[in-house]
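Next comes just one chain, in structure tokens: the form predicted on its own.
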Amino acid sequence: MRLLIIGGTRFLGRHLAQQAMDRGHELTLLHRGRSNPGLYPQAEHILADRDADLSALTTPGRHWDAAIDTCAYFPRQVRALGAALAGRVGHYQLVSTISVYAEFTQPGQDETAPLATLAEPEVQAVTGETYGGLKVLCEAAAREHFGDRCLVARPGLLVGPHDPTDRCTWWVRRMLRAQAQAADSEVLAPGDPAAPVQCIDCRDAAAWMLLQAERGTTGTINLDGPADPTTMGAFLESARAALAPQARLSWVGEAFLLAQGVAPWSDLPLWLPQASSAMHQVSIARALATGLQCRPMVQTLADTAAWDLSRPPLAEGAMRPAVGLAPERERQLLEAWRGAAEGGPRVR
């Protein structure tokens, strides 16, 4: 198969590219040349900014059996790509997000759930408030230009090696610190251990996307994991068992954490309050029915740890994403939680 990937050198894109070559596909990557430009010399690289000039795609004789678009954030980007690829591509796959849904109040919602809307559809800034609505517009543009040759994949939280967000990686580092330093062996575990958790190894998402490109699957499909429902307790126990057997999980109540100003998702990655827990219970029945396979979480965590430990030091002035509690803040919260217990009953 002749495959075009828009992106292809960061996280999901690089896993797609590697697996595509492993499967024997003829690969073209369109990217700006800014992230990991030396990756995959055996592939064809088209250096272009999708917001500026896509004329390189229109060279006579160019044609691809499938294209996977990993980095569309504005509908104008999808429309421009659709115009450049008119008559030049068979199957088109858009990487969207489960954030397109208007709300998460009911567990198990599927691809037919109501979608988010934007008060200003022409907004040109991607924020927490506009991200989902912009992706809805990207989906509409994809269907407009590619019609019945289009698959919209809606991933949940992507995790695993090469994750630039450091969300799941923060928990990996936290467990490794607990194993290495006795003073940090007590790990703050947020909320209810029975609370649901969904996330998918990026390599499993990439394998599923390639399978659908090979099959020419169309429609709209939620893409998340694991295959069998899991919980925050199971996730953290997997991390402890794989990375830090001497760590001790101390479960701290949701109400206490919120009262202390702890931000769900960013201060404690993956954790959501009970009122938002349906976001971790999206139906993935269609993905499973079309071949999704999810590796064990312990493997994802171990591989993420190995990758993170192999990363070169940050360049001078560079910073990691601001995610996760600082060690001092976590210790303060644990001490305050114990103090609240000594003072009488506490609200969990």
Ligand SMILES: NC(=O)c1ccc[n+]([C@@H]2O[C@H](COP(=O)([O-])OP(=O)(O)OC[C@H]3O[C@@H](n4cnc5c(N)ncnc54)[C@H](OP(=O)(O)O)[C@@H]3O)[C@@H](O)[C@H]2O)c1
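In this text the structure is predicted, and so the values were computed from the model without any measurement. Quick note: we count residues from 1 along the sequence shown, nothing fancier.
Separately, the form predicted in complex with the named molecule exists; it is not shown, and the next lines address it.
Within 4.5 Å of the named molecule in the predicted complex, a heavy atom is found for all three of 12, 33 and 158. Only one of 127-135, 266-274, 172-180, 232-240 places residue heavy atoms within 4.5 angstroms of the named molecule in the predicted complex, namely 127-135. Only one of 249, 71, 227, 255 comes within 4.5 Å of the named molecule in the predicted complex through a heavy atom, and that residue is 71. Listed residues 323, 48, 298, 288 were compared with the named molecule in the predicted complex; 48 is the one with a heavy atom within 4.5 Å. Contact check for residue 198: no non-hydrogen atom falls within 4.5 Å of the named molecule in the predicted complex.
Among heavy atoms of residue 109, none comes within 4.5 Å of the named molecule in the predicted complex. The named molecule in the predicted complex comes within 4.5 Å of no heavy atom belonging to residue 142.
When contacts are judged by a 4.5 Å heavy atom cut-off, residue 221 does not count as touching the named molecule in the predicted complex.
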